[in-house]
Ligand SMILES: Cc1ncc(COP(=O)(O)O)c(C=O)c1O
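Below sits a lone chain in structure tokens, taken as the form predicted alone.
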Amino acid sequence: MPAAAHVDFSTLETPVALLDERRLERNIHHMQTAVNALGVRLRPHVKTAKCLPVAARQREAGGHGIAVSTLKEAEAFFAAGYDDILYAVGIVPGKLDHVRALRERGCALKVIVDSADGAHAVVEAGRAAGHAFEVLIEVDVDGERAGVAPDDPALIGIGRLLHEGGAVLGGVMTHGGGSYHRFGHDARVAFAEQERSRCVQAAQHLRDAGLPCPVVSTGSTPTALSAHDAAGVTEMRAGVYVFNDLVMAGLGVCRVDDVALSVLTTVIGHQADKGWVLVDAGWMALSRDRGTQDHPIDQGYGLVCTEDGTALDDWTVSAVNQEHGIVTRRDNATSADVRERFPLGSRLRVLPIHACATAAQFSEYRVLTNDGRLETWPRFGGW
């Protein structure tokens, strides 16, 4: 990360979440350009950063509305002036009062369901309060997570329950989580088409049944950047692209030097006979995510870089305790010079396996600005 070449990190107590503004802005521009070229709107998913300055850059680049994963995010971003929000996690009865309170304050908050039970809950809560919730039906395009299959008759039943029960049937949405297991450009392109075609198919089934379906929302970072066709889609959602991570790099979605987030850590000891370098970033800083285990290159708990951000391709965090990370050569070869190469007190950076999980360990980002300064951007967590 060249912007760090003249930044003094000596006053920072580690571990620290470092964010490279130049890479962040480059990632935002890259995604926005790709989605614009498909002729649809980008609805950024703000769950990765949970940070207002990051979301502001996504909006300034051309993002329309946001997606969130928690109602706490919805509250925070609505308070900051974001009023077009999709809560992209299946709604449950106990959260509907909170959703209604936000909507009655002027937030155009939309929720999702994927079952008749979910639709009933929304309809009953709406009737009791005299309120019309806006709802999208979640469609399962890959068997990876939640959603109703596009050819399942239950889809029409859910749509009718909502539409005839007084809710606003906003459309359909899906998340192509299966894209996280597609290696290579051709595989990602094919999966992006699977995501698109099946979600569009669900939308057409609703329309053929005389039901409204104005929104067709697809999305994941790999599919949004791999799609060649968006016919029938109205918007795409993506989130981790703002930071990128080693999962995305391992899939070929980005390069290692597109990863904008890293964890600054300090060497606190050695086990020279084992070739170990001990650092003060354990799983409390890096998370326990091992998302590259099934990749051609397993990056352990993170790829190690020098203090200025230069990747040391042969070194990873191979094991973690709560506050200790163990840095070793990738081939596990004993390296007798670890004390000389990584002296006590020296600084390293670790690129995250899954940026969302690593970012969640911190309450703020220290940002390497484009003009070489260090800023602090708050981050929030919780539900």
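The numbering used is simple: start at 1 and walk along the sequence shown. The structure presented is a predicted model; accordingly, all values stated were derived computationally and were not measured.
Same protein, other form: the form predicted in complex with the ligand, not shown, and the subject of what follows.
Of the candidates Met173, Val122, Leu264, Ala227, Met173 is the one whose heavy atoms come within 4.5 Å of the ligand in the model of the complex; the others do not. Scanning Lys47, Arg41, Arg57, His324 against the ligand in the model of the complex with a 4.5 Å heavy atom cut-off leaves one residue, Lys47. In plain terms, the part of the chain that comes close to the ligand in the model of the complex, with a heavy atom within 4.5 Å, is 213-221 out of 98-106, 293-301, 129-137, 213-221.
Residue contact with the ligand in the model of the complex: Gly239 places a heavy atom within 4.5 Å of it.
Proximity of Tyr180 to the ligand in the model of the complex falls within the 4.5 Å heavy atom cutoff.
Using a 4.5 angstroms limit between non-hydrogen atoms, Ala88 touches the ligand in the model of the complex. Heavy atoms of His185 never reach within 4.5 Å of the ligand in the model of the complex, leaving it off the interface.
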